[in-house]
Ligand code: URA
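Consider the single chain below, provided in C-alpha cells and representing the form predicted on its own.
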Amino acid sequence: MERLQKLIAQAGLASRRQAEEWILQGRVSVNGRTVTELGAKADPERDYVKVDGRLIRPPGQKVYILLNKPRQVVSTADDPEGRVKVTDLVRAGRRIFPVGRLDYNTEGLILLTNDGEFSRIVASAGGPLEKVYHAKVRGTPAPEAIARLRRGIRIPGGVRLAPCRIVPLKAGSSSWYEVTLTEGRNRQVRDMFGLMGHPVLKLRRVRIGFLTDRGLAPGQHRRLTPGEVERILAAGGRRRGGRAEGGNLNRSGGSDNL
C-alpha cells in the first residue's frame, strides 16, 4: 500500500506537493470513491486510482532533462492562456513536469522529469542543490545594501529570506551580480533587489548544484547522464534500488562536492 500522493508522483503526473493539492481539491478517486484525506493509501496492483477521471498507471522509464529556458516561456505543464510552455520545448516521449519554476521573463536552467522523488530532492528548500543566478540590476546597490541581502532580509508578508551569497560581476549604470540561493521562493532574486531600490532588469539561472548551462543555448536541452541522476538521488538520501547517505552537490571537486 502506498500513499496516493506518492503514487501520483511516481506516475509522472505531478510532484508530491501538487498531488496533495489535487487530493484536497477532490480530484482523486480510488475505486470510484473520491478521496480527500492526505493519509489515504492504495494498492497500485489492485486498486483503480484516477485523477480527474483519468486512470493513472505506473511509470515506465524515468526521464531526466535539463533545459535552458528562454524568456517568455512558462514553467508549467499546462497553461490556460495558451502560452509556450517548457514542456513544448522537449520531446520526452512521455508526460513530464518541471521541477520548480522560473518566472515568465527569467531564463536559464530548469529540470523536467516524471520522477516525483527526484523532483522533491531538487526543489526542497535548504536541500543539497543550490541555485546560482546572474542578475542585471538598475544602478549599483551600496555595499551596505548588498550586506543586508547576504544576511537575509524580511520581505512583504513577514517572510524572512535565508542568507545567500552575492558576488559582484560588473558595475555600471546597470550592474551584474552572481546570486547563490539555498531556498527557492517565488521571485526571490527580483524581490531582494527590488526592496533595495534596484529592480532586476535581466535574470538567468546558470547552475543547479553541479549542473551548468555550458553548451546549452536558450531553448536547448539535454538528458542527464545516469551518473548525474545517481549523484542527485544520493544527495537526497536515495539510490535507485536502495538507500544512500546524503552528500553535498554544490561545488566542483570530489564525489560529494561540486
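What you see is a predicted model; the values in this text were computed from it and never measured. Each residue number is its position in the shown sequence, starting from 1.
One more form of this protein exists, namely the form predicted together with the named molecule; it is left out here, but the text below deals with it.
Enquirer: Hey, in the predicted bound form, does residue 175 get a heavy atom within 4.5 angstroms of the named molecule?
Expert: It does not: once the named molecule is placed as it appears in the predicted bound form, residue 175 has no heavy atom within 4.5 Å of it.
Enquirer: Considering only heavy atoms, tell me if residue 187 and the named molecule come within 4.5 Å of each other in the predicted bound form.
Expert: Heavy-atom contact with the named molecule at 4.5 Å: present for residue 187.
Enquirer: Is residue 103 part of the interface with the named molecule in the predicted bound form - any heavy atom within 4.5 Å?
Expert: Residue 103: yes, in contact with the named molecule in the predicted bound form.
Enquirer: Using a 4.5 angstroms cut-off on non-hydrogen atoms, would residue 67 count as touching the named molecule in the predicted bound form?
Expert: Flag for residue 67 set to no.
Enquirer: Counting only heavy atoms and a 4.5 Å cutoff, which of 157-165, 143-151, 77-85, 95-103 contacts the named molecule in the predicted bound form?
Expert: Flagged stretch: 95-103.
Enquirer: State the residue from 203, 208, 28, 232 whose non-hydrogen atoms include one within 4.5 Å of the named molecule in the predicted bound form.
Expert: If I apply the 4.5 Å criterion carefully, the residue I get is 203.
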